[in-house]
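One chain follows as structure tokens, the form predicted alone.
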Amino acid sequence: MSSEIENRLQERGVTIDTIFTALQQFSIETPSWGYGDSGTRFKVFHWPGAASSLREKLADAAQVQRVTGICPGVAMHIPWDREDDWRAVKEYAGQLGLHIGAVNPNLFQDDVYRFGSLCHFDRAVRQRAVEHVIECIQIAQEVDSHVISLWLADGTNYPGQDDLRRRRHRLLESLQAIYAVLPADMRLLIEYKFFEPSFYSTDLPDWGTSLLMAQKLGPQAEVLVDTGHHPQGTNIAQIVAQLLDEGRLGGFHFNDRRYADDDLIVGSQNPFELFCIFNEIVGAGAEGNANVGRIAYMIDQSHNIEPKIEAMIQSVLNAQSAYAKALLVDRAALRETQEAGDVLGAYRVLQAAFETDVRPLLAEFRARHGADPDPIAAFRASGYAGRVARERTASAMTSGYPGV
């Protein structure tokens, strides 16, 4: 254990066990789609052994859970992950030490959604979209999931293409139809995206629009923050603070970006921003904010040139590291400097926590819970990647899969 960390905690009268208890309560879902082949608008680069079925995705996710110990949940995407026997899926996940997390409807790939889904001018298309989300709610019940994560590609590309207020009315009407069948123990997390694939207007372009919809629907509707879905320069920590204050922060889709929705490894481009997000959450929790306890932490990435499983592990480790650093912030000193108007002093309190090397702390935390101190090294040593690359390639060739 780092003496720097021990000294800092001792000065505040905080024990290492208190930090470990908080770390033990932190878990993060990995996405099924992050284990399969994906690509950019230009090219899909096939990765040897990339998962091509839900069971293979769950098997890969189990490896991430095995070496990190904090990823028991796996988010699904429907219809990408559709199966005939959901009870069998739930049982298989349980055998792997996993459970099914958020269920994500797909309202952006069918040809009928060319001009939108829940906002479409054609009532029949809107009804089809609503029925798909209701199907996902039913699937969630079968696999014992309690979260529906909803993102829409709806929007317009040209002025006059559609009436913006009527689109808003259709969206609310569609969401109300979905919310009406939502079980009492399930939440609807409404995601948003600044732009793409629509470039003139996006029907859910920002956190404020999603919050308004959630407030109109009811207490089971909350906002999902994707860390890559904002205009450049956006202060995501401030958004998090406001949603916490409103009790409507449903969860996160964590990724990092350089320009837009780049889907890069969490914390790889702007680790201080990630730390500041967790700082708001930990600070709110210390003040008794009830919203903090129900935040759904999820990864949302498509790894295009990196090894699928290793990239997922690294994202999980970066998120855990940022959270651990936020736990080390001296809250009393931070408030004292803030109320004294000591701008530099307040920044230095955060800087001290952010620059602390928490790797020894996390290594000891993992060791205490029977995990390898170095998850990436442990995964590489397992030989799993090479084995599934051989087995899945052989299986694809036997089944007549063309490999393209």
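This structure is a prediction, so every number in the text was calculated from the model and none was measured. Start at 1 and count along the sequence shown; that's the residue number.
Note that the form predicted together with ligand PSV isn't included here; everything after this is about it.
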Contact residue in the predicted complex, from Arg187, Arg167, Lys308, His253 (heavy atom within 4.5 Å of ligand PSV)
His253
Of His303, His120, Lys193, Lys325, the one that lies within 4.5 Å of ligand PSV in the predicted complex (heavy atoms)
Lys193
Whether Asp162 contacts ligand PSV in the predicted complex should be assessed with a 4.5 Å heavy atom distance threshold; does it?
no
Can Glu273 be called a contact residue for ligand PSV in the predicted complex at 4.5 Å between heavy atoms?
no
Is it the case that Asn104, even though its partner is missing from this view, gets within 4.5 Å of ligand PSV in the predicted complex, heavy atoms only?
yes
May I ask you to check whether Glu83 falls inside a 4.5 Å heavy atom distance of ligand PSV in the predicted complex?
no
Contact segment among 208 to 216, 89 to 97, 125 to 133, 224 to 232, judged by heavy atoms lying within 4.5 Å of ligand PSV in the predicted complex
224 to 232
Are all three residues Trp33, Phe108 and Asp261 in contact with ligand PSV in the predicted complex, where contact means a non-hydrogen atom within 4.5 Å?
yes
